[in-house]
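One chain follows as structure tokens, the form predicted on its own.
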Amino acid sequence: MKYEAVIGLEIHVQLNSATKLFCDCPNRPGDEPNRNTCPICLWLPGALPHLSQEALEKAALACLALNCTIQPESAFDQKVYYYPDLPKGFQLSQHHKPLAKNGWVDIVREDGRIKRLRIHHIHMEEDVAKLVHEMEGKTPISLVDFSRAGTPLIEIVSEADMRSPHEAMEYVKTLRSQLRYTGSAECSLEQGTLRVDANISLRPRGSDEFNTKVEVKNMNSIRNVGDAIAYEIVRQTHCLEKGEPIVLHTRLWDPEKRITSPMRSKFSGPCVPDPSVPRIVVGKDWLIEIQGRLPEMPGKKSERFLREYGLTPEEAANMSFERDLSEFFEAVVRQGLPPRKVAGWMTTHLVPALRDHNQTVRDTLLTPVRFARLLSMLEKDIINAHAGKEVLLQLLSSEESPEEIVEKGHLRQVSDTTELEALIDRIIAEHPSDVEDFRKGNAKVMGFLMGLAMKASQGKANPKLLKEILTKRLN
């Protein structure tokens, strides 16, 4: 390619503290509009903000999880701009003295090598109100929801180290995993508790210069982040090839049309120190106490899983990516189950089931003990994998034991040789032409006849024993 992409991300993460950043209103995304408000977050004259200790602690944990250095002193500024979602005319944000600097995360590049992506700084700020656009008859109107105003955010500003959509997507995935491990944030792109803005520019390959960038907003999934960046690279390439200048501005990603479109010109208002919020001075003892709360992070945990449980690198990465799943995995292994068997079933069956139901394992009734008992039944050939998947789905929402579900659903595996031989003989008798095809060298017939036999047994047959009998009969 003639040009090289230069990509930096600005990521807003909503902290999950009980209250907002500068008042005692509940911090609950999804509540009714304008339910959680007070004079402070409504920005009424004379209402003075007071910084939430919990929000500060969660912000510090997030910074440490991303390998940042907490600054000895940080302070809030008034970031001045005028917009309907900010009627007081400024946002409280740490512009001049951010909470933390000089972090990094490691990602896996497309060629499999590790690349370190730097974080320039992380600062705290209050969120603004939310604009809701509706139609009143044929007239478009905009309403303001102040329930979101004042919720605590951290903004994570990367260095422009990314060179491809893949690297940007991996950065967001890794950063999201690290933050969720700390318990400081839910990091949901779909619900808006993690919001990504991408700055993209192009330069001649081999150049070290930074050219005019374009900011892209409105990406509500990791896939959309990659698609929006890929589209913008192509769009800017076409502009440069036609001799059109790249103009500094903000664009929106349209996930339906799969294009970016102009939103507004880029505006940066003044930032002046705010006199109402005291500066934050970090003491050594407090920092040590916060560092002590930091859990074992995904990278370290993955290394330990390789070492202690003999997992493959891919299995270790899958089992350590989310904190609740990693803890669930270890709790199941402690029941005496083979680690690789546990990891395989979690990756192949449990994780997809949770994804289909839009749940985490904490949202379900499944416990490590009940999951271990299910795997034990599979190990002992009491049930087969087909029945095991059915039992697992029921365990997510039922308090019954795996044994009760198996007995109630008549899901015990059929391993009676005489019964299976009779089943196979019937299948062979009903499909003589397929048997002849197999004997002429069409090996695919084996899978077809196995499928028929499993269906005839209502999925209860012991597949290993069934295949042995079928192979013997066909030969």
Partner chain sequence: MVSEIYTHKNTSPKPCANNGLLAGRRVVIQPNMSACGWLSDAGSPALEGFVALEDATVVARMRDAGAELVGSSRMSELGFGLAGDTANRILSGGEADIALVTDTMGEARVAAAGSAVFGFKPSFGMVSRSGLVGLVPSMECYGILGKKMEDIIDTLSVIAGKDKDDPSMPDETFPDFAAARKPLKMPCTAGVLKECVDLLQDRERKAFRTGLARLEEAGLTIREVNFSEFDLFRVVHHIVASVEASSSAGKYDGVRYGHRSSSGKNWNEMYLNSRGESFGSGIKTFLFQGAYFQFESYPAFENACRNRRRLVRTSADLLGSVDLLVFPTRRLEHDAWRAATINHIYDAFLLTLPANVTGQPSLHVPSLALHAGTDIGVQLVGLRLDDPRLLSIGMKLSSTAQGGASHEV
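Just so it is clear, the structure is predicted and the values come from calculations on it, not from any experiment. Numbering follows the first chain given and starts at 1.
This next part talks about the form predicted together with its partner chain, which is not shown.
- In the model of the complex, its partner chain sits beyond 4.5 Å of every heavy atom of residue 335.
- Taking the partner from elsewhere, residue 204 is found to have every heavy atom lying beyond 4.5 Å of its partner chain in the model of the complex.
- Proximity of residue 146 to its partner chain in the model of the complex: non-hydrogen atoms within 4.5 Å are present.
- Among heavy atoms of residue 405, none comes within 4.5 Å of its partner chain in the model of the complex.
- With respect to its partner chain in the model of the complex, the three residues 345, 385 and 388 uniformly fall beyond 4.5 angstroms at the level of their nearest heavy atom.
- Comment: 86-94 is the region of 115-123, 102-110, 86-94, 223-231 lying near its partner chain in the model of the complex, near meaning a non-hydrogen atom within 4.5 Å.
- The contact residue chosen from 310, 255, 273, 72 relative to its partner chain in the model of the complex is 273, the criterion being a non-hydrogen atom within 4.5 angstroms.
- Contact annotation: of the candidates 68, 428, 450, 42, the single residue with a non-hydrogen atom within 4.5 angstroms of its partner chain in the model of the complex is 42.
- Contacts between 45-71 and its partner chain, taken as any heavy atom within 4.5 Å in the model of the complex, involve 45, 46, 48, 49, 50.
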